[in-house]
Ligand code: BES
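Just one chain is shown here, as structure tokens, and it is the form predicted on its own.
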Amino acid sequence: MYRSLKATASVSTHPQAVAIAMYGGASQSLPKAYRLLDRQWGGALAAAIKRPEFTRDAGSVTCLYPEGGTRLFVLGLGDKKSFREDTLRACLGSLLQNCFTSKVTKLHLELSPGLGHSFKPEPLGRLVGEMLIVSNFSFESCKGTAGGSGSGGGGLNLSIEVEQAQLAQVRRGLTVGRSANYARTLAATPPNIANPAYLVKQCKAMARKVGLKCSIIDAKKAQAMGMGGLVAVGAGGSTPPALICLEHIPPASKKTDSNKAPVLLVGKAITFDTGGYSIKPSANMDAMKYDKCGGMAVIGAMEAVAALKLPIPVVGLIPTAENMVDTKAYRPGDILTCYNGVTVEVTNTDAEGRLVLADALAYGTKKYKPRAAIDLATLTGGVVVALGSFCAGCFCSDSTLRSRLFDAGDAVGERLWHLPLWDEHRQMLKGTHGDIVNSGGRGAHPIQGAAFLSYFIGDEGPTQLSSLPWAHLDIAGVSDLKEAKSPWCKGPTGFGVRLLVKMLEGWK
């Protein structure tokens, strides 16, 4: 459920509330940027700042009520030397909740003066647009008669006033934020609803709406094409597996490069993961509906790419399956033949995500001849042990692509950390009766996942690392939150949507 948000140009429309931003520190004097504005509030801000209980700590939001004036929200940015943009993101999330709680329907943002030269209008506008919409998320479609109205109730329309210079990027940010929320909605949808067939239906409908080309490789066709990994993983599922293919083909013009090779995005979409016969412990298995978050990020990114009409061709592949225990399910000891002819000896049926990604990557790199490929997956628990929930693991030997991803991640607050992938890691996966195994033990666990996928990239053959620029993003630690943390609520974060769109926007 979402409450309505609108962004308008800054004009004299008598807002119900104004939000400003202030750095912390010991000074009790009012920053120059807000002195003129404070006269309209009868000096309320200058008086408040001198009070011992007034705070500008990082992430704080303080509400002031000037006598006879407009309600004033003060966003605390903390120490200027240690300021990070995530602080402002958290403030905007808290600000939005304050507006809805207090029934504010018209809010004016006067953030630039408080931030000084930290932000130019365009990136600030983008951050504001994205954060206000991703903060405005709750998944309540499954609430029943005992659920109440929930945190997203009320249907309040909030109009946001910003500077004219920020307006275009605010609107752009709102578009990307809505796509991130769409990905989060799909991720949160429970596995008895969101099975592979459901995702196929959703993608077809979304593609029609935004103008993407959508085609489906169903289980029967996948079997005939030799996609042994995808077929095996989904064999025991409630609905058959599928490979969803979304294509954004911009109209040819001087400003587009529609005739060039596309960028390929691939996302793992295991709608529920029991672990198969290598069954998972019961604790937290209910969260395995989030094993589809990599695929949902690709779906959300493709929706935004089409909505923004980016002048670059992009292909999104979403291999989707349900990994269940069943008489038809695949077993440890099975040997599978993947799309590019590589045979895989199954040592662990809970290492299933790399099997569906293998077929998608091999198919995508062969069919579309992309200029670069990026895959996203909740692939390993090992990356969570290594990096926690603060960033995703990135495996990429191409320095240009790696820079694109890291710059985009830093810009939108979806951080990455580079991990190695060497030939020695590939050798860990050598099989006894098949070419490779799908899991070689606990050593270098997250790197093994990337090493496995490297056998399915490019046309040089699986015996060497491909020259195709390729990045594997292991998002297992950042795909969902166990507890709410502003601007995010508990549950799926949509990690990857904003990062991918930002990267593609800047592709030249």
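All residue numbers refer to positions in the sequence shown, first residue = 1. Since the structure is predicted, the reported quantities are computational estimates derived from the model, not experimental observations.
Below, we refer to the form predicted together with the named molecule, which is not included among the displayed structures.
Original post:
Within 4.5 Å of the named molecule in the predicted bound form, do Thr175, Pro250 and Glu303 each have at least one heavy atom?
Top reply: No: no residue has a heavy atom within 4.5 Å of the partner.
Subject >> Partner proximity in the predicted bound form: Ala476 to the named molecule, non-hydrogen atom cutoff 4.5 Å >> reply: Residue-level check for Ala476: yes, a contact with the named molecule.
Subject >> Contact of Thr380 with the named molecule in the predicted bound form (heavy atom, 4.5 Å) >> reply: Yes, contact at 4.5 Å.
Original post:
Any of the heavy atoms of Met206 lying within 4.5 Å of the named molecule in the predicted bound form?
Top reply: Met206: no contact with the named molecule in the predicted bound form.
Original post:
Quick one: does Arg354 come within 4.5 Å of the named molecule in the predicted bound form, counting heavy atoms only?
Top reply: Taking the distances in the predicted bound form, the answer for Arg354 is yes, it comes within 4.5 Å of the named molecule.
**OP:** Tell me, out of Thr343, Thr105, Asn348, Ser215, which residue has a non-hydrogen atom within 4.5 angstroms of the named molecule in the predicted bound form.
**Re:** Looking at Thr343, Thr105, Asn348, Ser215 one by one, just Asn348 meets the 4.5 Å heavy-atom criterion.
Subject >> the named molecule: the contacting residue among Glu414, Glu130, Asp291, Asp359 in the predicted bound form [heavy atom, 4.5 Å] >> reply: Selected residue: Asp291.
**OP:** Pick the stretch from 307-315, 178-186, 80-88, 267-275 whose residues have a heavy atom within 4.5 Å of the named molecule in the predicted bound form.
**Re:** One stretch meets the cut-off, namely 267-275.
Original post:
For 101-128: residues with a non-hydrogen atom within 4.5 angstroms of the named molecule in the predicted bound form?
Top reply: Heavy-atom contacts within 4.5 Å come from no residue here.
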